[in-house]
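First, one chain by itself: the form predicted on its own, in structure tokens.
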Amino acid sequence: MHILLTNDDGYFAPGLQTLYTTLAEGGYDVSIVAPDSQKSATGHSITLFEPLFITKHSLDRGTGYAVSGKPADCVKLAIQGSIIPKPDLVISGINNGPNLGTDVFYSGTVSAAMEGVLLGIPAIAVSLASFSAVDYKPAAQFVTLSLSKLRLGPGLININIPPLPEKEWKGVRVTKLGKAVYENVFEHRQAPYGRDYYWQAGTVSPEVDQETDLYAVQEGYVSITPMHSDLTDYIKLKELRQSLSLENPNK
């Protein structure tokens, strides 16, 4: 299996490098195409009005590329730009910090994986739910050992690892996306010359819905959430078709 490995923390981020080493040791053929610098919270944005510069890096097996663009750029360039052989799987991560609930809409990590899905490649996004993590090995081993069990299909699997030593993980839960609600989101400050400015920050409110990814990680479980790219509201679609049909019987 040929795996395209990417992220939003940058090519040399320890999460990505640890996952590369672990996958390669597991016998997988891995190519890296990742941003050349920190690109967190860039969502699914792409670069249109600037060129994408690439820098080659030697790997133990194959070649990696650091790209001047966003995470989604990296996946598009890798697959549609054919700078690597077509992958069988895209893995984005391991991210420094969680990607849970509605935060997936802002996440460069999840968006890179979703770009793979849009291009017809199954994908996994994986995050370690800690911003102070130094040991990514247990998370990397979990992902590597789980590849044969995840029944990868046309969609995306979003994995979040709890911020605990591996021996303290309570297990694995298959979850739905929660709703990340933040408290104290904007912090107002004033510059020395009087100009107002804001830092966007805050903490996530505790989750009470036990079916969600937020609750699972909050309780010490590995969360696995299946996702897809179709955002259509099918209930509303049916309602609107019926409503418009009644109002416009000849259309």
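Note that residue numbering begins at 1 and tracks the sequence as displayed. Model, not experiment: these values are computed from the prediction.
Quick note: we don't show the form predicted in complex with a further copy of the same chain, though the next part is all about it.
Contact annotation: Ser31 falls outside 4.5 Å of a further copy of the same chain in the predicted bound form, judged by heavy atom distances. For Gln218, no non-hydrogen atom is located within 4.5 Å of a further copy of the same chain in the predicted bound form, even though that partner is not displayed. Although the partner is absent from this view, Pro206 stays clear of a further copy of the same chain in the predicted bound form, with no non-hydrogen atom inside 4.5 angstroms. Contact check for Glu25: every heavy atom lies farther than 4.5 Å from a further copy of the same chain in the predicted bound form. Contact check at 4.5 Å (heavy atoms) against a further copy of the same chain in the predicted bound form: all three of Gly43, Thr175 and Trp199 pass.
Contacts between stretch 181-201 and a further copy of the same chain, counted in the predicted bound form as any heavy atom lying within 4.5 Å, involve Tyr182, Val185, Phe186, Glu187, Arg189, Gln190, Ala191, Pro192, Tyr193, Arg195, Asp196, Tyr197, Tyr198, Trp199, Gln200, Ala201, listed in sequence order.
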